[in-house]
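Here you get one chain, nothing else, as structure tokens; it is the form predicted alone.
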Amino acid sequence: MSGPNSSYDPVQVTPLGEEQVFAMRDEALAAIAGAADVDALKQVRTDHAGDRSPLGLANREIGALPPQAKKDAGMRVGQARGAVNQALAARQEILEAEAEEQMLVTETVDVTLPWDRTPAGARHPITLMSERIADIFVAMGWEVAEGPLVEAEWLNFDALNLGADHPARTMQDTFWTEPAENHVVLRTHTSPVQARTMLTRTPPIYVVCPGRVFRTDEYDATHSPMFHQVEGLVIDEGITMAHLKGSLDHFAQAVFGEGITTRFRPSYFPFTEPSAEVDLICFVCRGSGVVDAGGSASVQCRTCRGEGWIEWGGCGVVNPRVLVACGVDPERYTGFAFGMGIDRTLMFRHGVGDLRSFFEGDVRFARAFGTEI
């Protein structure tokens, strides 16, 4: 049987020699003293006290030594590692105290500063435009009517002469709630407010209905599954298209400025007959399709793309079937209705190129509109 290797000389293990261990310790202490902040000290801890540090690797070598050499090598390495850990703890305390003191200096809040230095928020531009439109019609003697966002299918479609096979009823355009047999939808327009008004009031009726509506559109620069509309309804004796034209011209001038007029193009809507698309004369080029580029030169108007007119909304004389469905005598009363997008009107009026800007919640965008328009 072989005996222990009593002739082994521990000095032959170079990483565990006294000079080498002290050199590792001194190098670590110098790095600790030179750490300028807590992050730098963290790196020093990894480099000089971690498992892969020189002292950490030397400590692993101790296990391979014979018993006679383990005691001296273990004592040297242990004392060196202890000195390094003590230095790390002391330096950590100093650096944390310095960081806290610096934070108190740089992040001090002067509670005596004037309160009006706090940045002011801003009301949303769509809210401001909705209120402005409501004020225009209230000044004309109209009323503002509102209704629920979640609406009965009958009020959203059937009462407005949108038959059971109308494509707007499909999932391509409408958000249906569950269960489907309840026949409840997120309203696709504010027209159900008009139907509710006719069902609960006796003519004459003069109401404007601003509000949110929902359709299954893609979310991009010009479309959104949630947007805003304003619709108007008049039911009275002797109402004609001339009253509609005059009301829309006044509306256009109140929003876009003096001299702005509208034109009608024949169209089709189930709830009006006759129906028309409403175009707005371009408020930039005033219908010419070109703008002055300086000197005698002119360029195509970017707002109307050279057309001179901007598509604004839809309108028409209320279909007698709608009057009957809502309990109004079509032999005695006639009326007109119109609808425009509030978001689209805002984009025209202020040159906003991306519809998503209204819904991203950036107060810097909203603040540009101020507290009123």
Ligand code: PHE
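As the structure is a prediction and not an experimental result, all values here were calculated from the model. Don't overthink the numbering: it's just position in the shown sequence, from 1.
Another form exists, predicted in complex with the ligand; not displayed. Remarks below refer to it.
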{"query": "Any non-hydrogen atom of Thr197 within 4.5 angstroms of the ligand in the predicted complex", "finding": "no"}
{"query": "Non-hydrogen atom contact Arg215 with the ligand in the predicted complex at 4.5 angstroms", "finding": "yes"}
{"query": "Proximity of Phe271 to the ligand in the predicted complex, heavy atoms at 4.5 Å", "finding": "yes"}
{"query": "Close approach of Tyr333 to the ligand in the predicted complex, 4.5 Å, heavy atom", "finding": "no"}
{"query": "Single option in Cys304, Ala337, Leu323, Ile342 placed near the ligand in the predicted complex, where near means a heavy atom within 4.5 Å", "finding": "Ala337"}
{"query": "Options 142-150, 202-210, 184-192, 79-87; stretch whose heavy atom lies within 4.5 Å of the ligand in the predicted complex", "finding": "184-192"}
{"query": "The ligand in the predicted complex - contacting residues of 223-262, heavy atom within 4.5 Å", "finding": "Gln229, Glu231"}
